[in-house]
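Same protein, same chain, two forms; see structure 1 and structure 2 below, as structure tokens.
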Structure 1
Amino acid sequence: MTARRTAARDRWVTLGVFMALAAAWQALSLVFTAEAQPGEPMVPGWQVLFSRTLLSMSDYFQGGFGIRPISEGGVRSYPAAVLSLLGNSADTLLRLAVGWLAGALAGTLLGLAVSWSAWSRRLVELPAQFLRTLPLLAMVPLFQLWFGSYFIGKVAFVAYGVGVLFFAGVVNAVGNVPQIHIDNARTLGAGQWRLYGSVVLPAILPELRATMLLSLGAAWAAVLGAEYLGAQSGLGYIIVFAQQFAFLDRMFLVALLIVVYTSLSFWAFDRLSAWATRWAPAAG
């Protein structure tokens, strides 16, 4: 069987598996009908998820577009529910994106600066390793005490988690750049700055690809962790808030949304980094 036909078959199988899972969930909802509260089933079927559960998302609406939030006497409605999901998603995604970008930028720049000379690299090796091993998720409360439970606190937390990974990844990758490429560039007339721009940076990209994907996972975990433990909005906030009342259906709906977002973000990252390292022999 050719590789392409295998890939096509795998796609069908994947689709089939997810359809089967969805059907199994529906079957389970018919068998297991317990309710956490009247109208809040423990195993919500799809028809419930996309009607009552979706509607209940209005509860987390902050207001806007001429629609009043529940807290100010508004009523549940689909527009409010959809706007609520969009608004909370935007909050989470903004925290994620700003935090990731800041962390990646700071970590990369610091890593490159430290790699400028061999002795500074040796100096930071152990501290970087230690900071990387320090369990990130356990540090949520510390960041909240430092920065408060506002936007900046979550961004700082995500940026820290991502930055530490990038810093360690960059320092390690620079150490692995083949000496011959550096020598070659220098004999062709490249100065130290150009050496960094045209040799070190592209040469570390393939190794950094793993760091990028790893850091994206860390960023998602960080933003969720931060929202679990203190936020007034965001998808993670909805999940823990719903958990306190055992609203499994709401948790499930938001979790599904997060799965879609993470899958999309990983897919986009993968494509982007594959393009940036398309010169590498095994771009797989």
Structure 2
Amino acid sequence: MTARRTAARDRWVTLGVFMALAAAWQALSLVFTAEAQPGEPMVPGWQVLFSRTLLSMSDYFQGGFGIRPISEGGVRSYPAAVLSLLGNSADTLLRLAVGWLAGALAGTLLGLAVSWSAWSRRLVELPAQFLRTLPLLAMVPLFQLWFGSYFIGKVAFVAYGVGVLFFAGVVNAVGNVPQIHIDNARTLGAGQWRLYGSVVLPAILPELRATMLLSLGAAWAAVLGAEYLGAQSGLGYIIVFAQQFAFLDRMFLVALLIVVYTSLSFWAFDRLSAWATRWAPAAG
């Protein structure tokens, strides 16, 4: 009962903090009335964000469901605005998911190759360590030149950002596997494939929880960075056009949406990884 009360109290405290931040933002919007350009407040209040700003999302709607887009003579409407946000969010989330999965798989395989054999370590370790030192956002223009604005380029960039983190995490996790577990498996006759499948991979999974969450944050930064420099859809695409015309309220609305998505994705990953490693003893 005490644990339930503590959890309930923590939820109420968290809710109170969010409400206080929202109230502070609204108060700031009333006090600081400067405008980036006529009619565009530097600090848009909630009444602006969920009325005029939300309606302006219709500008990025590309048509469908019997609703004409602005580019074809349509008018702004809330259905078009909601569909625009859903469609662009879906494009961003698809790039994020595919890139994260590809990067996680590639980084894991490369990390395991470091400990697989002496030859695989010589082939993999130095190039992978070199790639890991390259700054992520500085690589955006290079990927844009290589792949243009195609889907594969954005996915590859996200995979690169995630892969280098998974590589480092897997190498570290494998190095922390107790040697006695490996020795016992070999004594019982386990070959290399059986050793990694039944001992190494299960042993490193709990330690990779932190790597998964860290890589998820990197994946969000990567996908938005890739969309920012070249995309015809997505949340980064909306931010680019909003920045060009100093539409700070649109940028802030999209930023809020990204905060919601990232929070939900972190929560889902944390719950999923906790369930997958429920058999592992709790730390401390």
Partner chain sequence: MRRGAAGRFAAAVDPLRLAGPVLLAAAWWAMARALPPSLLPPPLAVLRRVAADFLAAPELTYYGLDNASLLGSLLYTVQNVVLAVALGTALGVVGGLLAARIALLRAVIDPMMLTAGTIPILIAAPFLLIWFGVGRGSAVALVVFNVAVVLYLFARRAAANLDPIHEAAARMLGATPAGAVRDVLLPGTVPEILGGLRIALAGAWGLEAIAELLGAQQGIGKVIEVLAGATDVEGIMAALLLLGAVAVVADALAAAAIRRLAPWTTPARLAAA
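For clarity, a rigid core is taken as the largest C-alpha set superposing within 1.5 Å between two forms. When a residue number appears, read it as a position in the sequence of structure 1, where counting begins at 1. Note that the coordinates shown come from a computational prediction; the quantities given were computed from them, not determined experimentally.
Undergrad: Just one question: which structure is the form predicted alone?
TA: Of the two, structure 2 is the form predicted alone.
Undergrad: Following rigid core alignment, is the displacement of the L201 C-alpha between the two structures equal to or greater than 2 angstroms?
TA: L201: C-alpha displaced by less than 2 Å between the two structures.
Undergrad: Is V259 displaced by at least 2 Å at its C-alpha between the two structures when the rigid core is overlaid?
TA: No, its C-alpha moves less than 2 Å.
Undergrad: Can we say the CA of L101 moves by at least 2 Å between the two structures when the core is superposed?
TA: It does not, since the L101 C-alpha is displaced less than 2 Å between the two structures after the core fit.
Undergrad: For P127, tell me the Cα shift between the two structures once the rigid core is superposed, in Å to one decimal.
TA: Here the C-alpha difference is 3.5 Å.
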